[in-house]
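Next up: a single chain in structure tokens, the form predicted alone.
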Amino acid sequence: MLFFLASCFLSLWYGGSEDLNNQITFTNNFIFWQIRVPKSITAILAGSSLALSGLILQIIFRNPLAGPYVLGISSGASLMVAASILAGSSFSFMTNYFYGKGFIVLSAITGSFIVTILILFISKKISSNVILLLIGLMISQICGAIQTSLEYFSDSNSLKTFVVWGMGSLANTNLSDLTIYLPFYFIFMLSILFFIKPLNAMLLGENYATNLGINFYKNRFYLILISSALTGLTTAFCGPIAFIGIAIPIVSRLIFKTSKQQVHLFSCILIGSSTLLISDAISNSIFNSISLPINMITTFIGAPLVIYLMFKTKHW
């Protein structure tokens, strides 16, 4: 908890290149409340959402390398945003509309929703977690191939807009956006509390969960839905953010060596939020005049942890 509070302070203090250390003025108050505070709240929501999504999927698939983007949810969101920005630029009279943040958010939500529905439909037809995981990866590859073709035929300005979105950002979310983000976030977060017992049972496999009277496939269906919704919502408002979903559940298990998933749920919320808050502070403090892409920082933090996992997989 102290680590989380310290992360909040760092994010608010180093939340941008503007100097707030001078005397308090109206401009500084505006920057703090309208830019830094929404960005820090967004970091908390996004970090905890991706971390919990990763934890849920790693339990379902019993694979520590499973992450919130493994089922193609993020790829679906990226594909729709690419179609909106890159294909939309072909119609000059609609260019400004397609470049609007509201439409990009809507496109990302639509893309993630379409892939989620497809995955949920497949999950009801296939019992094997391994096959479902592989199908998710193939859907991700197909979306990526279509996206690449759109990038290849797009103009330079549209491509730059899409590439910037793909780097991920916490700064695009304002207080008005949070009035939409927050209610859905709390709904999905609270719904996870009803699945703590199934998560504990599913960790030991399908047979164990069934012997406890838990409907494995029904619970898997709802948990994938919650995980996909959290991932899609985060991607819509922040763009794709790498490695948080994979690395944070691993960190939680390394710190708290317990099979009680309620402990990991709580720790993933705190560690995931803290990691993204610190990443935001780092991205804004290295250079005075520019902010580094948040994906660059999370990758430098998360990738070494995943590499470490490669050597420790036999113990999971």
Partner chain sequence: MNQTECISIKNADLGYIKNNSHLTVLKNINASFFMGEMVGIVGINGIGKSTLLKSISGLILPLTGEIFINQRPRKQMSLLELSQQISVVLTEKIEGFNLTAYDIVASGQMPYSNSFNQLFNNHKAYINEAIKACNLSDHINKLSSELSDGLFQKTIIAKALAQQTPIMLLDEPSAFLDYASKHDIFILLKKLSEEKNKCILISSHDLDLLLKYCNRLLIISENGCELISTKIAKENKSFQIISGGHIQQYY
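Residue numbers count along the first chain shown, from 1. By rigid core we mean the largest C-alpha set that fits within 1.5 Å across both forms. Keep in mind it's a predicted model, so treat the numbers as computed, not measured.
One more form of this protein should be noted, the form predicted in complex with the partner chain, which is absent from this view; the next part is about it.
Exercise. Taking the shortest heavy atom distance, is residue 63 within 4.5 Å of the partner chain in the model of the complex?
Worked result: Flag for residue 63 set to yes.
For this session: Find out whether any non-hydrogen atom of residue 214 is located within 4.5 angstroms of the partner chain in the model of the complex, and reply yes or no.
Result: Yes, residue 214 lies within 4.5 Å of the partner chain in the model of the complex.
For this session: Answer yes if any heavy atom of residue 210 is within 4.5 Å of a heavy atom of the partner chain in the model of the complex; otherwise answer no.
Result: Flag for residue 210 set to yes.
For this session: May I ask you to state whether residue 174 is within 4.5 Å of the partner chain in the model of the complex, using heavy atom distances?
Result: Output for residue 174 is no: heavy atoms all beyond 4.5 Å of the partner chain.
For this session: Taking 4.5 Å between heavy atoms as the contact cutoff, choose which of 274, 267, 283, 58 touches the partner chain in the model of the complex.
Result: Partner contact (heavy atom, 4.5 Å) among the options: 58.
Problem set entry | Residue (of 106, 120, 178, 204) lying close to the partner chain in the model of the complex, criterion heavy atoms within 4.5 Å | Of the candidates 106, 120, 178, 204, 204 is the one lying within 4.5 Å of the partner chain in the model of the complex.
Problem set entry | Residue stretch of 112 to 120, 229 to 237, 140 to 148, 195 to 203 approaching the partner chain in the model of the complex, non-hydrogen atom distance within 4.5 Å | The contacting stretch here is 195 to 203.
Exercise. Judged by heavy atom distances of 4.5 Å or less, which residues of 142 to 165 approach the partner chain in the model of the complex?
Worked result: Result: empty, none.
Exercise. Once you line up the core, how about residue 186: does its CA shift reach 2 Å between the shown form and the other one?
Worked result: Comparing forms between the shown form and the other one, the residue 186 CA shifts below 2 Å.
Problem set entry | Did residue 121 shift 2 Å or more between the shown form and the other one, C-alpha, core superposed | The answer is yes, as the C-alpha of residue 121 shifts between the shown form and the other one by 2 Å or more after core alignment.
For this session: Using the form shown as baseline, tell whether residue 121 and residue 184 are closer or farther in Cα-Cα distance in the model of the complex, where the change reaches 3 Å or more.
Result: Farther apart, by at least 3 Å.
Problem set entry | Change in CA distance between residue 186 and residue 121 in the model of the complex, which is 3 Å or more, as closer or farther | Those two alpha carbons end up farther apart in the model of the complex.
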